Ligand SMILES: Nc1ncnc2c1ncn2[C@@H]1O[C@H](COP(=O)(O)OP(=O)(O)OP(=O)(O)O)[C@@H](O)[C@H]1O
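Given as structure tokens, the chain that follows is alone and in the form predicted on its own.
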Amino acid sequence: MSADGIQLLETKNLTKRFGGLVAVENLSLSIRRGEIRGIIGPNGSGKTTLMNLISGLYRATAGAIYLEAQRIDGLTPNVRTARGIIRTFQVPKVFRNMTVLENMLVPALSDSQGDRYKRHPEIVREAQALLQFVQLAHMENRLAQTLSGGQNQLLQIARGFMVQPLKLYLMDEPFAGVNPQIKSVIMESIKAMNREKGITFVIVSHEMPSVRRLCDRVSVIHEGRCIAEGTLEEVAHIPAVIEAYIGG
């Protein structure tokens, strides 16, 4: 979980309004390259909205987003993916009527990946190696709709690793509703890809034991604002964080 001190992602005064509702308000974050950052906070605090803003699903009402010091908040989601940003969803989004292997091939064969489609046999081998890594190799010819929810979460995560270059992986509740064995595979995948390929992760999660094991630092979001940053142990003793969680 080492980071080199160079800022990979920055948000500056990021704001998102839905009519009269302010979901994210003047939120400024700085994520170092190579970091695994946890994003925590009570339900409805704006964590998923933040992920949607960074990935491009939502357009910011105000503020800016920078990737490697270049502003990206005006870019479409597919262009952000081509720049190296990928994300998962709490409810896995897979192609249910395609096989597990076919799902893996979709990112690598998209227009945003240039001429990678010309190396189809090599791409298939990459996909199969990743499926082996996440313990889904024996299911590569099964339709995604036959997998359990946890297995589809694994498939969604592994499929993201097919994107090149992959600089920033946004994960929204990757541990929710999965059994301990799959949770362990997900955590080991995150640590290995961070260690071996230098991928930066931003992980929204309510699973505090998992956050503690993975993340050197966390950002606490409440009512659309970042109210604290530090290690999980440090922020747990901040009065504003305690008040946010108990509803004071």
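Position 1 is the first residue in the sequence shown; the rest follow in order. Please read all numbers here as calculations on a predicted model, not as lab measurements.
Keep in mind that the form predicted in complex with this ligand is missing from the display, and what follows is about it.
The listed set 26, 48, 189, 210 contains one residue whose heavy atoms approach this ligand in the predicted bound form to within 4.5 Å, identified as 48. Comment: this ligand is not present in this chain, but in the predicted bound form one of 90, 135, 156, 128 has a heavy atom within 4.5 Å of it, namely 90. For the candidate spot formed by 18, 43 and 173, every residue has a non-hydrogen atom within 4.5 angstroms of this ligand in the predicted bound form. The closest heavy atom approach of residue 66 to this ligand in the predicted bound form falls outside 4.5 Å. In the predicted bound form, this ligand lies within 4.5 Å of some heavy atom of residue 206. Residues of just one listed stretch (35-43, 191-199, 66-74, 210-218) have heavy atoms within 4.5 Å of this ligand in the predicted bound form: 35-43.
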